[in-house]
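Below you will find one chain, with nothing else, as structure tokens; this is the form predicted on its own, and questions on how it binds or moves follow later.
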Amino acid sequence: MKLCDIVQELDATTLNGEDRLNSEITRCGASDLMSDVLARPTDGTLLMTGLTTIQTIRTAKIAGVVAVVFVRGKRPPPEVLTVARTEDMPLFSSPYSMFVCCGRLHARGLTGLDGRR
């Protein structure tokens, strides 16, 4: 599924990374614990989180995450946007809860990190 389709499905606002909207996403993970993000294979995935800190961007980059969606309408502070631009990490904000975001993407065929439907 293309990132632009995910943004549309989640009614998300693009915070940065407009040039990466054609990136392919095959799996998705959701967590507010960055240690959980590092504990699973996440290359090429989308991360959904409510955590809007610089550590989220750093962890996502190390883990090979393609893009981050902040749930519940959360928006990161300016310094987080600056780090995300430096790291070339697309960021989005969805008004939906993490549960609803996961359900919408699962219904469209995206799998979790374990690859199971």
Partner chain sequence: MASLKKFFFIKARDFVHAGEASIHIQSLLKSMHWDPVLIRRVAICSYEGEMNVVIHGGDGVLNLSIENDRLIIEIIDDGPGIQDISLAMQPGYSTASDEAREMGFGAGMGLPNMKKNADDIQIESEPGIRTRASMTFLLESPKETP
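All values reported here derive from a predicted model rather than from experimental measurement. Numbering follows the first chain given and starts at 1.
Below: the form predicted in complex with the partner chain, not depicted.
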property	result
The partner chain contact at E87 in the model of the complex, heavy atom, 4.5 Å	yes
Residue contact check: A63 to the partner chain in the model of the complex, 4.5 Å heavy atom	yes
In the model of the complex, R72 touching the partner chain (heavy atom, 4.5 Å)	no
Contact flag, M34 vs the partner chain in the model of the complex, heavy atom cut 4.5 Å	yes
